[in-house]
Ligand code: 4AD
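Single chain ahead, by itself, as structure tokens, in the form predicted on its own.
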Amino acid sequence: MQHRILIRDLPAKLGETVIVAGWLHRLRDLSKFGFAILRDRTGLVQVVLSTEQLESLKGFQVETVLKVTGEVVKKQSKDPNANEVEIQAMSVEILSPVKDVVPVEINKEEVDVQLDTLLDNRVVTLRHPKQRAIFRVQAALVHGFRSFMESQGFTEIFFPVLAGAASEGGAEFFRVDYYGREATLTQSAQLYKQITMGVYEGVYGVSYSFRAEKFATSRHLTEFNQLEFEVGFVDDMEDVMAYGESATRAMLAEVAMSCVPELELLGVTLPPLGDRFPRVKLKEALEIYKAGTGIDETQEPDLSPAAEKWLSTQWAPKEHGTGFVFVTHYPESKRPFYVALDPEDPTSTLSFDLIGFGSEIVSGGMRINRYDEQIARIKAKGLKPEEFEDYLMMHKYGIPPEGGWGMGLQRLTQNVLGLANIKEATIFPRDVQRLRP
């Protein structure tokens, strides 16, 4: 029995009779014969049709699913060095007919529609080669993350989505009626991955996070994924940052290796990695930004988007040969209750952001591992310790010095590919207005 061949494998089948199957991407009628452009998950191929075969396809729209049997032949080209192939069709079978006009043209070089139209018609628009390429890159990022963590001997954890309290405080969480009790959708896997420090010492996972923020911007989602990491028995914050740097390098190496056609199609060049990502304290970073641009934000408690962009696309490449920089020691007021304070300056935290591709892609730091200190920090943040009983139990019964970080998957994908809106990097986005498809 002859099996289907993927389009990417056709050059190795020159002169052979093969079966290919996919979607009708375009049809060209040249009177006495014609061409069908067939698309599968690996690419496009031109199929040469006889008059009868061409006639059999008339009346069907693009996206009709076809099965073609034919001979792989060298494609005629004006370039003598071209190594493209096409299929001389022997038979064409319609597997799934499409009679209605497709709502969005996806057989052009670009999907030339507004973002809402692109997302409303996700069923069809995802089939466009450039849209498909986005999520191939995203999958490679996750694969690189998992492969690196496995190479370090860490354990993957699957985190709950329902929780009994807001994991980081604040009002931006979704309430759920849970058998007559109030539950929330988790904002973060932070508390759960910390609990497992008493079990595995090093864990990672891909979590779902929900934030009920009423923002409709190019940077906000109400549902997103985090690449989570936590490790115990670390000496200081440098250990945690080192894992963040190594994971980032491994993820980008996976993309560079397995997504060459996707990066080329999307016109993306990955930034330089350099020998080592620089580490600078927030106050120092703001002074560097002022000295380099003349813009004084030295009294601000955080980096502005403009400062993040300048540091990672101008300063770090020029001074350190890399497109990445760790910014450390954020103010206590800007970090959650579980982040350790700097013993040399209690108004500052042992925390960091990794800035790359023009904005923050990783946020992490050292955690509080002593019970009394954690109780005090929860109260200082205006939260109630009794709402974190399960979380605090680990502090009572021994948890090592530890730290970790989270990396927003959709934000990272957006930044790697230079997309204008985070929703373009989300296969089925949810925001303050969107709950479909």
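Note that residue numbering follows the sequence shown and begins at 1. Given the structure is predicted, the values throughout are model-derived calculations rather than measurements.
Just so you know, the form predicted in complex with the named molecule exists too; it's not on screen, but the next bit is about it.
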Residue 395, heavy atom within 4.5 angstroms of the named molecule in the predicted bound form: no
Contact label in the predicted bound form: residue 34 to the named molecule, heavy atom within 4.5 Å: no
Residue 239, heavy atom within 4.5 angstroms of the named molecule in the predicted bound form: no
Contact flag, residue 224 vs the named molecule in the predicted bound form, heavy atom cut 4.5 Å: yes
220, 364 and 405 all contacting the named molecule in the predicted bound form, non-hydrogen atom within 4.5 Å: yes
248, 186, 190, 312 - the one with a heavy atom within 4.5 Å of the named molecule in the predicted bound form: 190
Listed residue that, although the named molecule is not shown, lies within 4.5 Å of it in the predicted bound form (heavy atoms), from 300, 296, 213, 345: 213
Segment assignment from 325-333, 88-96, 265-273, 205-213: heavy atom within 4.5 Å of the named molecule in the predicted bound form: 205-213
